[in-house]
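Next up: just one chain, as structure tokens, the form predicted on its own.
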Amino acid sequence: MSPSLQPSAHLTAQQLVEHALATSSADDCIAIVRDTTSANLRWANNTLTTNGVMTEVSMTVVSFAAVGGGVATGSVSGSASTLEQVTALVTAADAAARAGSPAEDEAELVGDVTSPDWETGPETTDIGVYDAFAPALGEAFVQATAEDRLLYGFVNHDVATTYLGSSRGLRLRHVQPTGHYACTGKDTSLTRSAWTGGATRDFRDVDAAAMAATVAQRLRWAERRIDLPAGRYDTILPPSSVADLMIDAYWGAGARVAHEGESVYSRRGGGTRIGDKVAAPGVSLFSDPAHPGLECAPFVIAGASDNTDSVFDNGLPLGRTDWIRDGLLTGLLQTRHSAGMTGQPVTPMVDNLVLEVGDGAGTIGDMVAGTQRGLLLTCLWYIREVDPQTMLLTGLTRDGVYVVEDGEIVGAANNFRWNESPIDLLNRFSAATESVPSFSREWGDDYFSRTATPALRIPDFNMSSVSQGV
């Protein structure tokens, strides 16, 4: 047995990748190792309840086998800290590929590209990432207790180092820091609730005192209860709510389903709406792996093929992609397979999203001051798609629907169920702020946390029914 195959408690990610590639008996193989450390704090009732650091090493093996009529693939994922675990994953992936049918997204594998830092070990995080945040949080607990408020919440910081290797010579490495915070405040009678949250790369830009102050201010706004009926309201959506909606618009932008007439991006009579007006002039929606503060993987990492991803595209370079430019649809999520169907450029998914409005200016406070009567939302949740043809979504409001009268917040309304299409909203908004880093409460915790969006004022946001949620 060669030294690289000796059992060891300290196998490197590179050794795991090389062992997978050497072990596979398929025609081609891709091995993706993620080495992740995570540090978290949780609190409730103004007391820190848990903290911890976790480490995980996982692997996805994608095997490719020539079968009658093409190439089949098999993808298997699992823990991978030992050679035995890696061998088991490879064996299962090879078997799945040989038993599979030809893949419709078959394409030539990317090969012979090596990251200059391929040999570098994984980066990590630890509880020290909260050295400044934690003491300030403790002070916030003291103040909240003195002022009859209860704080609940959590912070989490991950650093994931990904190693992607292939039998064609790919050796790519990427380090992805991801952090977020969320805090809910309640009065001691538990009749009022407010929330705030955000995303960060390293917690150096997170102010626990400011977080707690935001919650306190929103609880004060809610001291007066104003019951309102369902209807259409002049509504201010904060950047977090806009992020909720734009992520749905992004995830629904698969080129294949659009080409097949199944989405809001489908053109009547056939094909996609690329080149058509889908938003107001000045609206731009784009992704860029190098966007400051939202940096993400500059190459495709795909553990399985679906509507928007292809395992054959692993390692393809990613750059800035404009999805909407000045109101015109300019791109959809394209694999090389779907690009061949649509005749459009290959534009794979990128792990961040930025919405900008050309004349966006000012702050949410400015929007409130300019509103005669309307609503200011905190966040949206439980979002579900109703109609993909229009991208009609439904969901609920939560933790603060504030009533604005004559430019001032005068109380909190009941919660609502709402029905809206994010594409419609990009045509109907009456004002926008500058774009700022944002955090989707619905999708940011586990799926998509790198966004920058403006606040939008919607003159006729559809609150379809009253909700009893809090």
Partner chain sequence: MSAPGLDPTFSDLPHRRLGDVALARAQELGASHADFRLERNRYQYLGARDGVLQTASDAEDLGFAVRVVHDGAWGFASGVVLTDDEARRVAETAVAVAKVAAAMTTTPVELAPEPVHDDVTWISAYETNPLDVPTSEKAALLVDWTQRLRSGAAVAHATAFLQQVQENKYYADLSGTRTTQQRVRLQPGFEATGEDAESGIFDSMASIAPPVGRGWEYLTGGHWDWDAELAEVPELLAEKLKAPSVEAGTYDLVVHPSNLWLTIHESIGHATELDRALGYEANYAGTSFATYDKLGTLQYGSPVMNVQGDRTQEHGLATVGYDDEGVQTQSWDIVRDGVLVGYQLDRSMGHLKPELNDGRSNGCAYADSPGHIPIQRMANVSLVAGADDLTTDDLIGRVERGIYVVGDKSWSIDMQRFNFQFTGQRFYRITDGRLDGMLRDVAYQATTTDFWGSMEAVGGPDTWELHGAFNCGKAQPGQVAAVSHGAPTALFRGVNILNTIDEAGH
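In this text, the rigid core denotes the largest set of C-alpha atoms whose superposition between the two forms falls within 1.5 Å. Numbering follows the first chain given and starts at 1. All values derive from a computational prediction rather than experimental measurement.
FYI, the form predicted in complex with its partner chain isn't displayed, but the following is about it.
Student: Select from the listed residues Thr330, Ser284, Gln85, Ser115 the one whose heavy atoms reach within 4.5 Å of its partner chain in the predicted bound form.
Tutor: Exactly one residue meets the criterion: Gln85.
Student: Only one of Gln344, Ser167, Thr178, Ser81 comes within 4.5 Å of its partner chain in the predicted bound form by heavy atoms, so just point that one out.
Tutor: Answer to the contact question: Ser81.
Student: Choose from 198-206, 362-370, 182-190, 106-114 the stretch whose residues reach within 4.5 Å of its partner chain in the predicted bound form, heavy atoms counted.
Tutor: Answer to the contact question: 182-190.
Student: Can you work out whether Glu119 and its partner chain are in contact in the predicted bound form, taking contact to mean some heavy atom pair no more than 4.5 Å apart?
Tutor: Answer no; every heavy atom of Glu119 is more than 4.5 Å from its partner chain in the predicted bound form.
Student: Although the partner isn't part of this model, could you tell me whether Glu260 comes within 4.5 Å of its partner chain in the predicted bound form, counting any heavy atom of the residue?
Tutor: Yes.
Student: In the predicted bound form, does Arg224 come within 4.5 Å of its partner chain, counting heavy atoms only?
Tutor: No, Arg224 stays farther than 4.5 Å from its partner chain in the predicted bound form.
Student: Do Gly153 and its partner chain come within 4.5 Å of each other in the predicted bound form, heavy atoms counted?
Tutor: Yes, Gly153 is a contact residue.
Student: Considering only 366-384, what residues come within 4.5 Å of its partner chain in the predicted bound form, judged by heavy atoms?
Tutor: Counting only heavy atoms within 4.5 Å of its partner chain in the predicted bound form, the contacting residues of 366-384 are Trp381, Tyr382, Arg384.
Student: Determine, after fitting the two forms on their core, whether Val53 shows a C-alpha shift of 2 Å or more between this form and the one not shown.
Tutor: Yes: Val53 shifts by at least 2 Å between this form and the one not shown.
Student: For Gly138, decide whether the Cα shift between this form and the one not shown is 2 Å or greater, given a superposition on the rigid core.
Tutor: Yes, because once the rigid core is superposed, the C-alpha of Gly138 moves 2 Å or more between this form and the one not shown.
Student: Has the Cα of Trp43 moved 2 Å or more between this form and the one not shown, judged after a core fit?
Tutor: Where the cores coincide, Trp43 still shows a C-alpha shift between this form and the one not shown that is 2 Å or more.
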